[in-house]
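Read the single chain below, which is given as structure tokens and is the form predicted alone.
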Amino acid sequence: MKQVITGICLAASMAMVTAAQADITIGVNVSSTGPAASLGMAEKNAISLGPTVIAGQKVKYVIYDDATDTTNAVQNVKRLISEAKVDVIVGPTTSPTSKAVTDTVAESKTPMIQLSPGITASSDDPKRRWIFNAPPADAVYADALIKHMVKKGIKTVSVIAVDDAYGENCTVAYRKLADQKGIKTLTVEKYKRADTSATAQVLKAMQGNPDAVYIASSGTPGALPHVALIERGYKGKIYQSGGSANAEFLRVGGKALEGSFMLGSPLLAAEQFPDKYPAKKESLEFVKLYEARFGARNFFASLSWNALKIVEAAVPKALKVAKPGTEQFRAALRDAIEGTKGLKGAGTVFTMTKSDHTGINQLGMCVLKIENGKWKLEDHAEF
């Protein structure tokens, strides 16, 4: 009997050790192929720079590509939840794919840090209380945009938006503030991400000779209407929403982009900010690390990097409640993420609340000017 009891105690002790050493599993779903590949590939690259151990627990990554397709995104997230048993999800890349997986994430009670700004997430909505945002909310982009337009004396604007959730959300956020400031919107034209021409939309946008054209798009598709505007002789100011703020966009747009404005992260022009600017040090650290491995710095890479920083800060708190791989751990992790306060990431500082699952204010946004194919700091928030 004694030997049996000893054996049982030994087995129990071994089980406890195994449980204590359970891996933390991070599921990743990004658009590393398809129309949003210039965003998703950079996000995937940054995952490879993430931690392999957090609070003494090994970290396992399971990575899927949804090819910028909403159906694929839903299937991938379901696999991450049911097969990989992930503790947290990073992604998806785009607003449409993020919107598509909302119900799946909510039903499974799995925290997700999305890499698109399209869904306003908070605890007030049961479906979205499990969702957090790595990029700034659309309202943060719009606020920086309108303030700059007012400074430049812009009175009339035409909008050219990609025909999906991202374009719609950007347009709605812009119009709300534009109306308040007396900026007249002449027209809103839409085009598809996969379109090869935006000439018709550009011609309509140019009617009335607007002071500025605002392009609400993401990735390299944002260059399509921009180039067409220049080819058609448009002389007014051109703004990009920020969804195209990467080196590939600069390459595709070429000289047509010169002198235009881009909403973006302080990360892209980190060296040009005052030394005391919040998170400048962290931005430069990320830039050095990323550029050493993958070349030009990338805002979208910083999103997945920041998402992992948020997870890394939250895990120790969740481990005090439960072990990885359990519903209790996922719930504790969600609560810990929601309690993020003053966390410095690449290009921003995160302070989450129950009503704000983005946690980024105007200090995480700036206006850039494209000069000689590079980002030049045009305007930033006071601090």
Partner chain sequence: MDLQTVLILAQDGLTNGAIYLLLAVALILVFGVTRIVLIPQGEFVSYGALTLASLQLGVMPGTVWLLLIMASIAAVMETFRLVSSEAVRQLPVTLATILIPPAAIALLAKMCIPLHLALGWQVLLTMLIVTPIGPLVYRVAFRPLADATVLVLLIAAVAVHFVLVGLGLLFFGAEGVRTPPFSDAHLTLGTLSVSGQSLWVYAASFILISLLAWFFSRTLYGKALRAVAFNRNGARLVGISPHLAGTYSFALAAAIGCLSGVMIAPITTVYYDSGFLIGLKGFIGAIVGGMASYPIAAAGALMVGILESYSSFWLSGYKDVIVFAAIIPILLWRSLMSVHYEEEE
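The model shown is predicted, which means the values in this text are computed figures rather than measured ones. Residue numbers count along the first chain shown, from 1.
Just so you know, the form predicted in complex with its partner chain exists too; it's not on screen, but the next bit is about it.
- Interface membership of V227, defined by any non-hydrogen atom within 4.5 Å of its partner chain in the model of the complex, is confirmed.
- Although the partner is absent from this view, V252 contacts its partner chain in the model of the complex, with a non-hydrogen atom inside 4.5 angstroms.
- Using a 4.5 angstroms threshold between heavy atoms, N246 counts as touching its partner chain in the model of the complex.
- Among residues of the shown chain, K309 is not one whose heavy atoms approach its partner chain to within 4.5 Å in the model of the complex.
- For the three residues K192, S197 and R232, a heavy atom within 4.5 Å of its partner chain turns up in the model of the complex in every case.
- Of the listed positions (T220, T110, S260, S283), a single one reaches within 4.5 angstroms of its partner chain by any non-hydrogen atom in the model of the complex, namely T220.
- For the options T326, Q57, T33, T340, the one in contact with its partner chain in the model of the complex, meaning a heavy atom within 4.5 Å, is T33.
- The stretch from 204 to 212, 140 to 148, 266 to 274, 178 to 186 that comes within 4.5 Å of its partner chain in the model of the complex, counting heavy atoms only, is 204 to 212.
- Taking a 4.5 Å heavy atom cutoff to its partner chain in the model of the complex, the contacting residues in 29 to 53 are T33, G34, A37, S38, M41.
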